[in-house]
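Take a look at this one chain, the form predicted alone, written out in C-alpha coordinates.
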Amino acid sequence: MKKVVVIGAGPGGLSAAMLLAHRGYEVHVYEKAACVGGRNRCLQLEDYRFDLGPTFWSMIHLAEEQFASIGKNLHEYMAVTDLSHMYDLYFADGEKLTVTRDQAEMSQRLATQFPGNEHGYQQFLIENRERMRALTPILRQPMQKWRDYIQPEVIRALPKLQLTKSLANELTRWFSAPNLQLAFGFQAKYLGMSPQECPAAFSILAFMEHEYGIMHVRGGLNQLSHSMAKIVQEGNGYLHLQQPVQQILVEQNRATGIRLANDEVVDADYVIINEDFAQAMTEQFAEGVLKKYTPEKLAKRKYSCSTLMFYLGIKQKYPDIAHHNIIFSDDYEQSLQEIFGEYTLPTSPSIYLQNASVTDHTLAPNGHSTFYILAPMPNNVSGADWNETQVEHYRQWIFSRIETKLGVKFQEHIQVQAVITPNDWQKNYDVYKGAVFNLSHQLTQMMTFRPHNQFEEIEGVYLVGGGTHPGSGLPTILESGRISAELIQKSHEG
(Lines give C-alpha, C1' and ligand atoms only; values in the text may rest on other atoms or scores of the structure.)
Protein backbone atom coordinates (compact mmCIF):
# COMPACT_ATOMS: atom_id res chain seq x y z
CA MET A 1 0.00 0.00 0.00
CA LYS A 2 1.50 3.31 -1.14
CA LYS A 3 1.38 6.19 1.32
CA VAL A 4 0.14 9.65 0.32
CA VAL A 5 0.46 12.78 2.43
CA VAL A 6 -1.87 15.70 1.68
CA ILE A 7 -0.89 19.13 3.02
CA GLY A 8 -4.08 21.09 3.64
CA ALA A 9 -7.70 19.97 4.02
CA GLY A 10 -9.27 22.28 1.45
CA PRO A 11 -11.69 20.93 -1.18
CA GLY A 12 -8.94 20.14 -3.71
CA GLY A 13 -6.88 18.15 -1.22
CA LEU A 14 -9.94 16.39 0.17
CA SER A 15 -11.08 15.49 -3.35
CA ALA A 16 -7.74 13.79 -4.09
CA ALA A 17 -7.61 12.22 -0.61
CA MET A 18 -11.16 10.87 -0.90
CA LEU A 19 -10.48 9.23 -4.26
CA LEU A 20 -7.11 7.74 -3.29
CA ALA A 21 -8.27 6.52 0.14
CA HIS A 22 -10.88 4.37 -1.61
CA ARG A 23 -8.50 3.08 -4.27
CA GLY A 24 -5.99 1.28 -2.14
CA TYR A 25 -3.76 4.07 -0.87
CA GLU A 26 -2.97 4.98 2.71
CA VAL A 27 -3.78 8.68 2.86
CA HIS A 28 -2.87 11.13 5.61
CA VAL A 29 -4.26 14.68 5.48
CA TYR A 30 -2.43 17.26 7.61
CA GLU A 31 -4.30 20.48 8.38
CA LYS A 32 -2.99 23.24 10.63
CA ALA A 33 -6.47 24.56 11.47
CA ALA A 34 -8.85 22.92 13.94
CA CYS A 35 -11.35 22.14 11.17
CA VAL A 36 -11.36 21.05 7.54
CA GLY A 37 -12.20 23.17 4.52
CA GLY A 38 -9.47 25.78 4.13
CA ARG A 39 -11.24 28.79 2.61
CA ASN A 40 -14.24 26.47 2.24
CA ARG A 41 -14.56 26.16 6.02
CA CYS A 42 -17.38 27.26 8.32
CA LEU A 43 -17.09 30.52 10.24
CA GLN A 44 -19.04 30.43 13.51
CA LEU A 45 -20.00 33.67 15.28
CA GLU A 46 -21.99 32.79 18.40
CA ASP A 47 -25.19 31.16 17.07
CA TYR A 48 -24.61 32.25 13.45
CA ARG A 49 -22.86 30.12 10.81
CA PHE A 50 -21.27 31.39 7.61
CA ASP A 51 -19.19 30.09 4.75
CA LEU A 52 -15.78 31.68 5.10
CA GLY A 53 -15.20 31.70 1.34
CA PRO A 54 -17.12 30.36 -1.66
CA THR A 55 -20.92 30.51 -1.63
CA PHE A 56 -21.74 29.81 -5.32
CA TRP A 57 -21.73 26.17 -6.46
CA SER A 58 -22.44 25.27 -10.06
CA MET A 59 -21.69 22.13 -12.09
CA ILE A 60 -22.53 19.91 -9.13
CA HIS A 61 -22.48 16.94 -11.50
CA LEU A 62 -18.66 16.98 -11.40
CA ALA A 63 -18.72 16.33 -7.65
CA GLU A 64 -21.51 13.76 -8.07
CA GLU A 65 -19.29 11.89 -10.55
CA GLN A 66 -16.34 11.88 -8.14
CA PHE A 67 -18.48 10.53 -5.32
CA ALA A 68 -20.03 7.90 -7.61
CA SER A 69 -16.61 6.76 -8.88
CA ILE A 70 -15.87 5.38 -5.39
CA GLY A 71 -19.37 4.07 -4.75
CA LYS A 72 -20.70 7.08 -2.83
CA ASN A 73 -23.87 9.11 -3.34
CA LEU A 74 -23.22 12.81 -2.76
CA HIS A 75 -26.84 13.40 -1.74
CA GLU A 76 -26.56 10.92 1.12
CA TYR A 77 -23.92 13.18 2.67
CA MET A 78 -25.47 16.61 2.19
CA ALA A 79 -28.83 18.23 1.46
CA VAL A 80 -28.67 20.29 -1.72
CA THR A 81 -31.15 22.92 -2.93
CA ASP A 82 -31.23 24.07 -6.56
CA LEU A 83 -31.83 27.84 -6.47
CA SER A 84 -34.24 28.49 -9.34
CA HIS A 85 -34.07 32.19 -8.39
CA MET A 86 -30.31 32.40 -8.85
CA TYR A 87 -29.61 36.03 -7.97
CA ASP A 88 -30.78 39.63 -8.14
CA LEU A 89 -28.66 42.26 -9.88
CA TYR A 90 -28.86 45.95 -8.95
CA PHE A 91 -27.44 48.32 -11.58
CA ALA A 92 -26.16 51.87 -11.14
CA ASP A 93 -29.07 53.33 -13.14
CA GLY A 94 -31.63 51.88 -10.71
CA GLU A 95 -32.59 48.91 -12.89
CA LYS A 96 -32.98 45.53 -11.18
CA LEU A 97 -32.77 42.15 -12.91
CA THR A 98 -33.85 38.88 -11.31
CA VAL A 99 -31.88 36.04 -12.89
CA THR A 100 -33.62 32.67 -13.06
CA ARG A 101 -32.46 29.16 -13.90
CA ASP A 102 -35.52 28.72 -16.18
CA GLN A 103 -34.14 29.68 -19.59
CA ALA A 104 -37.55 30.24 -21.20
CA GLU A 105 -38.59 32.52 -18.35
CA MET A 106 -35.23 34.29 -18.49
CA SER A 107 -35.62 34.91 -22.20
CA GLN A 108 -39.07 36.40 -21.66
CA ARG A 109 -37.76 38.56 -18.84
CA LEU A 110 -35.04 39.95 -21.11
CA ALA A 111 -37.59 40.60 -23.87
CA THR A 112 -39.56 42.73 -21.41
CA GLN A 113 -36.70 44.62 -19.77
CA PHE A 114 -34.16 44.71 -22.61
CA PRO A 115 -36.11 44.28 -25.86
CA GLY A 116 -34.17 42.52 -28.58
CA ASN A 117 -31.51 41.12 -26.25
CA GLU A 118 -33.49 37.92 -25.73
CA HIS A 119 -32.21 36.79 -29.14
CA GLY A 120 -28.63 37.41 -28.02
CA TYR A 121 -29.35 35.39 -24.89
CA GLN A 122 -30.47 32.41 -26.97
CA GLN A 123 -27.35 32.72 -29.13
CA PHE A 124 -25.21 33.03 -25.99
CA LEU A 125 -26.62 29.69 -24.79
CA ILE A 126 -26.14 27.96 -28.14
CA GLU A 127 -22.56 29.12 -28.67
CA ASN A 128 -21.44 28.52 -25.10
CA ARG A 129 -23.02 25.09 -25.04
CA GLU A 130 -20.70 24.24 -27.92
CA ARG A 131 -17.78 26.06 -26.27
CA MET A 132 -18.36 24.08 -23.09
CA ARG A 133 -18.33 20.80 -25.00
CA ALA A 134 -15.07 21.79 -26.64
CA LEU A 135 -13.38 22.99 -23.46
CA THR A 136 -14.43 20.16 -21.15
CA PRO A 137 -11.68 17.75 -22.31
CA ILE A 138 -9.06 20.44 -21.57
CA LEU A 139 -10.49 21.18 -18.15
CA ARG A 140 -10.65 17.51 -17.22
CA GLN A 141 -7.18 16.32 -18.22
CA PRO A 142 -3.67 17.33 -17.16
CA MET A 143 -1.89 19.91 -19.29
CA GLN A 144 1.70 19.08 -18.45
CA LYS A 145 3.69 19.36 -21.67
CA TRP A 146 3.62 21.11 -25.01
CA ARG A 147 2.58 17.90 -26.74
CA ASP A 148 -0.68 18.07 -24.80
CA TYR A 149 -1.67 20.85 -27.21
CA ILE A 150 -1.55 18.54 -30.21
CA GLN A 151 -4.07 16.04 -28.90
CA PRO A 152 -7.08 15.92 -31.27
CA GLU A 153 -9.62 17.17 -28.71
CA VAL A 154 -7.35 20.09 -27.78
CA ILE A 155 -6.77 21.06 -31.41
CA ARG A 156 -10.53 21.05 -31.96
CA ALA A 157 -11.08 23.18 -28.86
CA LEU A 158 -8.46 25.88 -29.46
CA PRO A 159 -10.53 27.92 -31.98
CA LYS A 160 -13.34 28.05 -29.39
CA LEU A 161 -11.06 29.56 -26.76
CA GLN A 162 -10.76 32.98 -28.42
CA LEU A 163 -7.64 33.45 -26.30
CA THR A 164 -6.67 36.79 -27.84
CA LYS A 165 -10.09 38.34 -27.22
CA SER A 166 -11.40 39.68 -23.92
CA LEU A 167 -14.61 38.62 -22.25
CA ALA A 168 -15.83 42.23 -22.31
CA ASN A 169 -15.48 42.32 -26.11
CA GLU A 170 -17.03 38.89 -26.52
CA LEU A 171 -20.18 39.85 -24.63
CA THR A 172 -20.92 42.72 -27.03
CA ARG A 173 -21.64 40.11 -29.71
CA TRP A 174 -24.66 38.85 -27.77
CA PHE A 175 -25.87 41.79 -25.71
CA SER A 176 -26.31 45.40 -26.80
CA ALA A 177 -27.53 46.55 -23.38
CA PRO A 178 -24.57 47.57 -21.14
CA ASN A 179 -26.38 46.25 -18.07
CA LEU A 180 -26.60 42.79 -19.64
CA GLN A 181 -22.92 42.89 -20.48
CA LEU A 182 -22.41 43.36 -16.74
CA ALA A 183 -24.92 40.60 -15.92
CA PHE A 184 -23.02 38.06 -18.02
CA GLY A 185 -19.52 39.36 -17.33
CA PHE A 186 -19.28 39.90 -13.56
CA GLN A 187 -18.50 36.18 -13.20
CA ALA A 188 -14.90 37.04 -14.18
CA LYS A 189 -14.61 38.03 -10.50
CA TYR A 190 -14.76 34.31 -9.67
CA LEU A 191 -11.25 34.25 -11.17
CA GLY A 192 -10.29 37.49 -9.47
CA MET A 193 -10.11 39.24 -12.85
CA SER A 194 -11.90 42.02 -14.71
CA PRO A 195 -13.92 41.27 -17.87
CA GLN A 196 -11.48 43.49 -19.78
CA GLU A 197 -8.50 41.24 -19.00
CA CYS A 198 -10.32 37.91 -18.72
CA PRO A 199 -10.06 35.75 -21.89
CA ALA A 200 -13.26 35.42 -23.93
CA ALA A 201 -13.38 31.67 -23.29
CA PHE A 202 -14.57 32.39 -19.76
CA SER A 203 -18.00 33.33 -21.06
CA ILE A 204 -18.60 29.74 -19.95
CA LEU A 205 -18.69 30.97 -16.32
CA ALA A 206 -22.04 32.70 -16.78
CA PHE A 207 -23.19 29.87 -19.03
CA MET A 208 -22.47 27.31 -16.30
CA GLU A 209 -24.92 29.10 -14.03
CA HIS A 210 -27.68 29.34 -16.63
CA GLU A 211 -27.17 25.77 -17.84
CA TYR A 212 -26.39 23.87 -14.63
CA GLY A 213 -27.83 26.17 -11.97
CA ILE A 214 -26.52 27.39 -8.61
CA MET A 215 -26.78 25.10 -5.59
CA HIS A 216 -27.03 25.78 -1.88
CA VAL A 217 -26.03 23.14 0.66
CA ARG A 218 -27.92 23.11 3.95
CA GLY A 219 -25.53 24.33 6.63
CA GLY A 220 -23.44 26.12 4.01
CA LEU A 221 -21.18 25.12 1.17
CA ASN A 222 -18.58 24.21 3.81
CA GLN A 223 -20.52 20.96 4.22
CA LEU A 224 -18.95 19.75 0.98
CA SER A 225 -15.54 19.67 2.67
CA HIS A 226 -16.98 18.03 5.79
CA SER A 227 -18.61 15.34 3.62
CA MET A 228 -15.40 14.61 1.72
CA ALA A 229 -13.45 14.46 4.97
CA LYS A 230 -15.92 11.90 6.29
CA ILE A 231 -15.48 9.79 3.16
CA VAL A 232 -11.70 9.98 3.50
CA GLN A 233 -12.02 8.43 6.96
CA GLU A 234 -14.42 5.77 5.67
CA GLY A 235 -11.57 4.53 3.47
CA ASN A 236 -7.85 4.18 4.15
CA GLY A 237 -7.64 7.82 5.16
CA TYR A 238 -6.67 9.73 8.29
CA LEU A 239 -7.19 13.37 9.25
CA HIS A 240 -4.62 15.15 11.38
CA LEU A 241 -6.05 18.49 12.47
CA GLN A 242 -4.00 21.22 14.15
CA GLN A 243 -0.90 19.62 12.67
CA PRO A 244 0.95 22.27 10.62
CA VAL A 245 3.58 21.10 8.16
CA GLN A 246 6.96 22.77 8.46
CA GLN A 247 8.68 21.49 5.32
CA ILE A 248 8.51 19.03 2.45
CA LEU A 249 11.56 16.77 2.63
CA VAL A 250 13.47 16.26 -0.63
CA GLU A 251 16.32 13.88 -1.48
CA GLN A 252 17.88 13.74 -4.94
CA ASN A 253 15.06 15.90 -6.31
CA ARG A 254 12.32 13.60 -5.02
CA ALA A 255 9.97 14.19 -2.10
CA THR A 256 10.40 11.63 0.65
CA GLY A 257 7.88 12.98 3.14
CA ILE A 258 7.25 15.96 5.40
CA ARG A 259 8.45 17.44 8.65
CA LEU A 260 5.73 18.67 11.00
CA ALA A 261 6.01 21.81 13.10
CA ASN A 262 6.69 19.58 16.13
CA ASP A 263 9.72 18.15 14.23
CA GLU A 264 8.08 14.78 13.64
CA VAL A 265 9.07 13.31 10.26
CA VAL A 266 6.40 11.54 8.21
CA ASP A 267 7.60 9.41 5.32
CA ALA A 268 5.51 9.30 2.13
CA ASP A 269 5.61 7.94 -1.39
CA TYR A 270 3.68 10.94 -2.71
CA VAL A 271 3.04 14.46 -1.37
CA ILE A 272 0.02 16.53 -2.46
CA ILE A 273 0.15 20.27 -1.82
CA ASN A 274 -3.25 21.83 -1.13
CA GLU A 275 -2.01 25.14 0.23
CA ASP A 276 -2.11 28.50 -1.50
CA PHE A 277 0.35 27.88 -4.33
CA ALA A 278 2.75 30.82 -4.01
CA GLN A 279 2.65 30.66 -0.22
CA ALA A 280 3.57 26.97 -0.30
CA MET A 281 6.43 27.60 -2.72
CA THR A 282 7.72 30.31 -0.39
CA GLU A 283 7.49 28.30 2.84
CA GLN A 284 7.48 24.54 2.24
CA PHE A 285 10.84 23.90 0.59
CA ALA A 286 14.35 24.41 1.90
CA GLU A 287 16.23 27.35 0.43
CA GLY A 288 17.76 26.54 -2.95
CA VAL A 289 15.59 23.49 -3.69
CA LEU A 290 13.35 25.29 -6.18
CA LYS A 291 14.67 26.91 -9.35
CA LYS A 292 11.53 27.91 -11.27
CA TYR A 293 9.41 29.11 -8.36
CA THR A 294 11.83 31.17 -6.30
CA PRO A 295 10.50 34.09 -4.22
CA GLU A 296 11.85 36.54 -6.79
CA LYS A 297 10.14 34.78 -9.71
CA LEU A 298 6.89 34.30 -7.79
CA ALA A 299 6.75 38.04 -7.08
CA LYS A 300 6.78 38.76 -10.83
CA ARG A 301 3.71 36.63 -11.52
CA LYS A 302 0.23 38.09 -11.96
CA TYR A 303 -2.22 37.49 -9.11
CA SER A 304 -5.95 37.93 -8.66
CA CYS A 305 -7.71 40.63 -6.71
CA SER A 306 -8.49 40.35 -3.01
CA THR A 307 -11.71 40.94 -1.07
CA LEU A 308 -12.99 42.87 1.90
CA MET A 309 -15.44 40.69 3.84
CA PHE A 310 -18.14 41.38 6.43
CA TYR A 311 -20.02 38.59 8.21
CA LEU A 312 -23.11 39.78 10.07
CA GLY A 313 -25.48 38.02 12.43
CA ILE A 314 -28.74 40.00 12.37
CA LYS A 315 -31.77 39.87 14.65
CA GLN A 316 -34.23 40.23 11.80
CA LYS A 317 -35.50 38.24 8.78
CA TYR A 318 -35.42 39.62 5.23
CA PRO A 319 -37.72 37.43 3.11
CA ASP A 320 -37.78 39.95 0.24
CA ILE A 321 -34.00 39.91 -0.27
CA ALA A 322 -32.77 37.17 -2.59
CA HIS A 323 -30.31 34.48 -1.52
CA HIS A 324 -27.61 36.01 -3.78
CA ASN A 325 -27.43 39.72 -4.67
CA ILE A 326 -24.96 41.89 -6.55
CA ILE A 327 -24.95 45.69 -6.39
CA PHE A 328 -22.84 47.09 -9.20
CA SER A 329 -20.54 50.07 -8.79
CA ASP A 330 -21.78 53.51 -9.85
CA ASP A 331 -18.82 53.56 -12.25
CA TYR A 332 -17.99 49.95 -13.03
CA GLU A 333 -15.17 50.73 -15.46
CA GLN A 334 -13.48 53.09 -13.02
CA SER A 335 -13.82 50.56 -10.21
CA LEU A 336 -12.16 47.88 -12.33
CA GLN A 337 -9.36 50.24 -13.30
CA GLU A 338 -8.72 51.13 -9.66
CA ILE A 339 -8.64 47.50 -8.51
CA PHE A 340 -6.88 45.79 -11.41
CA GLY A 341 -5.00 48.57 -13.18
CA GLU A 342 -3.90 51.06 -10.56
CA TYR A 343 -3.95 48.81 -7.45
CA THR A 344 -5.71 51.55 -5.52
CA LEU A 345 -8.69 51.28 -3.21
CA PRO A 346 -11.91 51.68 -5.20
CA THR A 347 -14.10 54.73 -4.69
CA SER A 348 -17.31 52.81 -5.40
CA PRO A 349 -16.74 49.03 -5.32
CA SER A 350 -19.35 46.56 -6.41
CA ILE A 351 -20.91 44.57 -3.56
CA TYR A 352 -22.00 40.95 -3.22
CA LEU A 353 -24.55 40.17 -0.50
CA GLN A 354 -25.63 36.67 0.47
CA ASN A 355 -28.84 36.37 2.49
CA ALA A 356 -28.64 32.60 2.90
CA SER A 357 -31.16 32.50 5.73
CA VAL A 358 -33.93 33.14 3.20
CA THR A 359 -33.25 29.57 2.01
CA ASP A 360 -31.64 27.85 5.01
CA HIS A 361 -33.08 28.21 8.52
CA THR A 362 -30.19 26.27 10.11
CA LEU A 363 -27.70 29.13 9.80
CA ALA A 364 -29.16 31.50 12.39
CA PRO A 365 -31.53 31.42 15.38
CA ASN A 366 -35.24 31.51 14.64
CA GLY A 367 -36.23 34.90 13.25
CA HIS A 368 -32.60 35.91 12.62
CA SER A 369 -30.44 36.18 9.48
CA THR A 370 -26.86 35.88 8.32
CA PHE A 371 -25.48 38.47 5.89
CA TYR A 372 -22.27 37.64 4.03
CA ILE A 373 -20.89 40.75 2.30
CA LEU A 374 -17.98 40.85 -0.15
CA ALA A 375 -16.39 43.81 -1.94
CA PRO A 376 -13.52 43.19 -4.39
CA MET A 377 -10.31 45.02 -3.52
CA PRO A 378 -6.79 45.13 -4.96
CA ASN A 379 -4.43 42.52 -3.60
CA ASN A 380 -1.64 43.57 -1.28
CA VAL A 381 0.60 44.77 -4.09
CA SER A 382 -1.41 47.95 -3.44
CA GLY A 383 0.35 48.50 -0.12
CA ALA A 384 -2.97 49.69 1.30
CA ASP A 385 -3.06 50.32 5.04
CA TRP A 386 -6.10 48.42 6.32
CA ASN A 387 -6.28 50.26 9.61
CA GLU A 388 -9.45 50.68 11.68
CA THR A 389 -10.24 54.01 10.02
CA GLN A 390 -10.05 52.52 6.53
CA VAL A 391 -12.19 49.53 7.47
CA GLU A 392 -14.75 51.77 9.17
CA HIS A 393 -14.95 53.99 6.07
CA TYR A 394 -15.86 51.00 3.89
CA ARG A 395 -18.16 49.53 6.53
CA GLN A 396 -20.26 52.69 6.62
CA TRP A 397 -20.21 53.17 2.85
CA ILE A 398 -21.06 49.53 2.00
CA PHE A 399 -23.77 49.12 4.66
CA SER A 400 -25.44 52.38 3.67
CA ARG A 401 -25.33 51.47 -0.01
CA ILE A 402 -26.99 48.11 0.67
CA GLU A 403 -29.73 49.77 2.69
CA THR A 404 -30.34 52.35 -0.05
CA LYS A 405 -30.26 49.96 -3.00
CA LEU A 406 -32.30 47.18 -1.39
CA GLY A 407 -34.63 49.45 0.55
CA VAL A 408 -34.05 47.77 3.92
CA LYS A 409 -32.66 48.71 7.32
CA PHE A 410 -30.37 46.21 8.98
CA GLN A 411 -27.56 48.07 10.77
CA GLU A 412 -29.61 48.64 13.94
CA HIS A 413 -30.33 44.89 14.12
CA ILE A 414 -26.72 43.63 13.90
CA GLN A 415 -25.94 41.29 16.83
CA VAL A 416 -22.46 40.05 15.87
CA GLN A 417 -20.03 40.88 13.09
CA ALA A 418 -16.58 39.97 11.81
CA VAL A 419 -14.40 41.48 9.12
CA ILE A 420 -11.60 40.10 6.95
CA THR A 421 -9.38 42.52 5.00
CA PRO A 422 -6.86 41.73 2.26
CA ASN A 423 -4.15 41.95 4.93
CA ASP A 424 -6.05 39.44 7.08
CA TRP A 425 -6.26 37.01 4.15
CA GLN A 426 -2.47 37.15 3.91
CA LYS A 427 -1.57 37.16 7.60
CA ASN A 428 -4.24 34.91 9.11
CA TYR A 429 -5.11 32.60 6.21
CA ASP A 430 -1.73 32.36 4.44
CA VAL A 431 -2.98 33.71 1.12
CA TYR A 432 -0.08 35.08 -0.93
CA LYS A 433 -0.52 38.87 -1.37
CA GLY A 434 -4.09 38.37 -0.13
CA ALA A 435 -4.99 37.23 -3.68
CA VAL A 436 -7.89 35.01 -2.68
CA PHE A 437 -8.49 33.69 -6.22
CA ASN A 438 -4.81 32.72 -6.60
CA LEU A 439 -2.84 33.19 -9.83
CA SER A 440 -4.73 35.15 -12.48
CA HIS A 441 -5.90 33.41 -15.65
CA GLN A 442 -4.13 35.32 -18.39
CA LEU A 443 -3.02 33.27 -21.38
CA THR A 444 0.51 33.17 -19.93
CA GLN A 445 -0.82 31.51 -16.75
CA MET A 446 -3.24 28.97 -18.20
CA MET A 447 -2.97 25.29 -19.16
CA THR A 448 0.70 24.30 -19.59
CA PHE A 449 1.77 27.79 -18.47
CA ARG A 450 0.10 27.21 -15.10
CA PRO A 451 1.93 25.23 -12.39
CA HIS A 452 1.44 21.57 -13.26
CA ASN A 453 -0.67 19.07 -11.32
CA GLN A 454 2.35 16.77 -11.38
CA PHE A 455 4.76 19.37 -10.03
CA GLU A 456 7.47 20.05 -12.55
CA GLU A 457 10.24 20.87 -10.06
CA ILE A 458 10.19 17.95 -7.60
CA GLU A 459 9.32 14.32 -8.31
CA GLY A 460 6.60 12.77 -6.19
CA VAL A 461 4.92 16.15 -5.54
CA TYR A 462 1.43 16.95 -6.88
CA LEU A 463 -0.56 20.17 -6.79
CA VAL A 464 -4.27 20.74 -6.25
CA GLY A 465 -6.28 23.92 -5.79
CA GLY A 466 -6.75 27.18 -7.65
CA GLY A 467 -3.03 27.69 -8.32
CA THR A 468 -2.72 24.73 -10.66
CA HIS A 469 -4.57 23.47 -13.73
CA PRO A 470 -7.47 23.80 -14.45
CA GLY A 471 -7.71 26.94 -12.27
CA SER A 472 -9.75 28.82 -9.68
CA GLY A 473 -13.36 28.15 -8.77
CA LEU A 474 -14.85 25.26 -6.83
CA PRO A 475 -15.71 22.97 -9.81
CA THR A 476 -12.21 23.29 -11.29
CA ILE A 477 -10.55 22.92 -7.88
CA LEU A 478 -12.38 19.61 -7.43
CA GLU A 479 -11.19 18.62 -10.90
CA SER A 480 -7.60 19.42 -9.90
CA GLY A 481 -7.98 16.89 -7.07
CA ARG A 482 -9.28 14.23 -9.45
CA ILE A 483 -6.55 14.92 -12.02
CA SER A 484 -3.77 14.68 -9.42
CA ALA A 485 -5.24 11.50 -7.93
CA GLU A 486 -5.30 9.90 -11.39
CA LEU A 487 -1.73 11.04 -12.11
CA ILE A 488 -0.58 9.37 -8.89
CA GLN A 489 -2.34 6.16 -9.84
CA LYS A 490 -0.76 6.28 -13.29
CA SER A 491 2.69 6.86 -11.76
CA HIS A 492 2.18 4.03 -9.28
CA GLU A 493 0.94 1.58 -11.89
CA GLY A 494 3.78 2.46 -14.25
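Residues carry their position along the shown sequence, with the first being 1. Only a predicted model underlies this, so the values are computations on that prediction, with no experimental measurement involved.
Here the subject shifts to the form predicted in complex with a small molecule, a form of this protein not shown in this document.
A.B. asks: Give a yes/no on whether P451 approaches the small molecule to within 4.5 Å in the predicted bound form, heavy atoms considered.
C.D. replies: No, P451 stays farther than 4.5 Å from the small molecule in the predicted bound form.
A.B. asks: Quick one: does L474 come within 4.5 Å of the small molecule in the predicted bound form, counting heavy atoms only?
C.D. replies: Yes, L474 sits close enough to the small molecule in the predicted bound form that at least one of its heavy atoms falls within 4.5 Å.
A.B. asks: Would you please decide whether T55 lies within 4.5 angstroms of the small molecule in the predicted bound form, comparing each non-hydrogen atom pair?
C.D. replies: Because a heavy atom of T55 falls inside 4.5 Å of the small molecule in the predicted bound form, the answer is yes.
A.B. asks: I'd like to check something about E333: if you look in the predicted bound form, is any of its heavy atoms closer than or equal to 4.5 Å to a heavy atom of the small molecule?
C.D. replies: Flag for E333 set to no.
A.B. asks: With the partner removed from view, which of 65-73, 454-462, 32-40, 441-449 is the stretch that lies within 4.5 Å of the small molecule in the predicted bound form, judged by heavy atom distances?
C.D. replies: Checking each option against the 4.5 Å cut-off leaves 32-40.
A.B. asks: If the cut-off is 4.5 angstroms on heavy atoms, which of these, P244, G367, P115, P159, is the one near the small molecule in the predicted bound form?
C.D. replies: Exactly one residue meets the criterion: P244.
A.B. asks: Since exactly one of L374, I314, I402, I138 fits, which has a heavy atom within 4.5 Å of the small molecule in the predicted bound form?
C.D. replies: The residue from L374, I314, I402, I138 that makes the contact is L374.
A.B. asks: Non-hydrogen atoms within 4.5 angstroms of the small molecule in the predicted bound form: do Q44, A188 and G220 all have one?
C.D. replies: Zero of three within 4.5 Å in the predicted bound form.
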